[in-house]
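Given as structure tokens, the chain that follows is alone and in the form predicted alone.
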């Protein structure tokens, strides 16, 4: 008999909605490829309320809700949501956490993840906060309860940078990394090279859906700071807090600076990086850098992300791919579910 995993979706924005569309429209083909089925048994959202149905939520009806409507019109639906009760007591095997990130404390996602792991449920999240602020604690909590905490999509959306580092590159001795980890800021800098002002480039990014209505986290560097914290912990074993990452955004980049770089064949990029020193201490930072055209990250344009690993045995290894996008990030959640399935099969759970 094929396995089935019941999912609770916390947050019904772009990412979890895209995952729902895949399950609803392509569920049969997906099950044939993966060897298990997926059933959404709960959804919570600040705008839509909540719906819980142990037999499976009516996904077509959930996806067709118009702005202003709530899940109350669905069987098992209600206008408000109690995330803690649904996470802890709802009929789910895996909690899909895709809420917003508070860059100062990682909430509310951090609490959502803790509740799920304490309740014996595995977690997949695209939320940077929990991994940046409490990765070790949450991984230990998951191990204690025989479940998994997976967060591949928290750094580069659907591009599997964490699994590459922990899998094929595990034995090459990663000593540091530098990367373009925010698609919005990279898009803005690329458009400034085309002659747009910073403000006009931000507006264009917002119109295209790359930037939020408040782009501060992207342009100011705090989004990259959290991603650097996650990578430093996972790749370098760093005991690092987000506050330890010296951070500068791109608001100080002027058209004159762009023109100067262009004349030299160089490009301004917002770079997040960390390096392990000879004493074992890890230093991390986020700041704009003018990169020569020969640098592996210089040609990364638009909303694309990339990370360059510094290794002992292979030298520099660079991976690039989508750093944003609803479908791309939903793929990261699917890859996390696949990893959880492999864990359960290996452990006989």
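Since the model is a prediction, treat every value here as computed from it, not as a measurement. Numbering follows the first chain given and starts at 1.
Not on display, but discussed next: the form predicted together with a further copy of the same chain.
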{"property": "Joint contact, 37, 47 and 337 to a further copy of the same chain in the predicted complex, by non-hydrogen atom at 4.5 Å", "result": "no"}
{"property": "Option touching a further copy of the same chain, based on a heavy atom within 4.5 Å in the predicted complex, out of 59, 319, 287, 282", "result": "319"}
{"property": "The unique member of 256, 277, 252, 171 whose heavy atoms fall within 4.5 Å of a further copy of the same chain in the predicted complex", "result": "171"}
{"property": "Heavy atom contact within 4.5 Å of a further copy of the same chain in the predicted complex, the stretch among 159-167, 179-187, 125-133, 112-120", "result": "159-167"}
{"property": "4.5 Å heavy atom contact, residue 32 and a further copy of the same chain in the predicted complex", "result": "no"}
{"property": "4.5 angstroms heavy atom contact with a further copy of the same chain in the predicted complex for residue 63", "result": "no"}
